[in-house]
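One chain comes next, on its own, written out as structure tokens in the form predicted alone.
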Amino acid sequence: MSSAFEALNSLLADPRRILLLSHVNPDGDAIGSQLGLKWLLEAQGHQVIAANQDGVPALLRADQVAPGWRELVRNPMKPQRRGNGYELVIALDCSDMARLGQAYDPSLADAPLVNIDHHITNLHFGALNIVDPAASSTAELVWRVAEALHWPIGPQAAQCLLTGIVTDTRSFRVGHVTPALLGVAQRLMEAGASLAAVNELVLERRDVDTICLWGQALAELRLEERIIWTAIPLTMRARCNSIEQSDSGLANFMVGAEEADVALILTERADGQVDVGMRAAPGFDVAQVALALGGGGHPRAAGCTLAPPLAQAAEQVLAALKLALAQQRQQHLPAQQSPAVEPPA
């Protein structure tokens, strides 16, 4: 990784006009790593625009957890920005180019592309790839960049990076949490970040519309071959005045069911496509299923977007999951012992 850090340092030797992008339907790690890196780069004298296709989720629209969130834009290629001419593009928390969505414009192809990510399904699509599937989050990788390049981390950057780490580890409750990561969190808190703000305002807080949507979705809950799943059509969202990402956290809740190895949520979008979110219990892997369906993610948290209608998408994903889980269960079985052979009389 040190050679990658040195290569990035060379790209940043002179002040640059830099575009930071993250994936569609961004989560806390995407927003936290984007804004954290924006604060860090601006402190180094660079001009930075942060953008993604879908904007900032409602729960992250607070200066206490994502300072600078109002500056994140949806269309980085407006005329007034195109004239600036981006000299470097950095993709964060994104496993492949398609996940950048409409925020990436073909005219950006002339600028070097840096890929910073921690998904195991990452396709290493950048001219420079800083990818580590063992990292807890992309925000942790941004912290490593800052440490390696000796950038001071101010309180705003620290808060954004801590938000990314905490949201992607569910407040330090998943397998990638190590003593070293807890040390990173301590350093960020010493720099001014608040752990309590992320827990209280992002992980624990829900508005009434979200609670309504969870109730509707849970009422339609189904269990098939240890897959607990539900679908959220547009009509369900309309009943709860819910228009964006209000199913966030529901899959994590569902996968806690004793009878389930995987939780699945299919959410219909206004454009007719279907967002697929999957969570796996310990010992199971949904990343390869997501990758086969055109998405990506982690072994225990992955997703994709499908074009077929909701019912057809559900059939497609369930069939793929049932096959994958059957194979994984077979691999988990203990090796068969050969029957004992009695010696001849």
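Only a predicted model underlies this, so the values are computations on that prediction, with no experimental measurement involved. In this text, residue numbers run from 1 along the sequence as written.
Although not depicted, the form predicted in complex with a small molecule is the subject of the following passage.
Trainee: Out of L59, C304, A51, L41, which one falls within 4.5 Å of the small molecule in the model of the complex, going by heavy atoms?
Mentor: Only one listed residue qualifies here, and that residue is C304.
Trainee: I'd like to know if D261 sits close to the small molecule in the model of the complex, meaning any non-hydrogen atom pair within 4.5 angstroms.
Mentor: So D261 does not count as contacting the small molecule.
Trainee: Although the small molecule is absent from this view, report whether D132 comes within 4.5 Å of it in the model of the complex, heavy atoms only.
Mentor: Flag for D132 set to no.
Trainee: Does the small molecule come within 4.5 Å of any heavy atom of S136 in the model of the complex?
Mentor: No, S136 sits far enough from the small molecule in the model of the complex that none of its heavy atoms falls within 4.5 Å.
Trainee: Using heavy atoms and a 4.5 Å limit, would one call T167 a contact residue for the small molecule in the model of the complex?
Mentor: Judged by the heavy-atom cut-off of 4.5 Å, T167 is well away from the small molecule in the model of the complex.
Trainee: Please pick out the stretch from 308 to 316, 43 to 51, 62 to 70, 294 to 302 that is in contact with the small molecule in the model of the complex, where contact means heavy atoms within 4.5 Å.
Mentor: Single hit among the candidates: 294 to 302.
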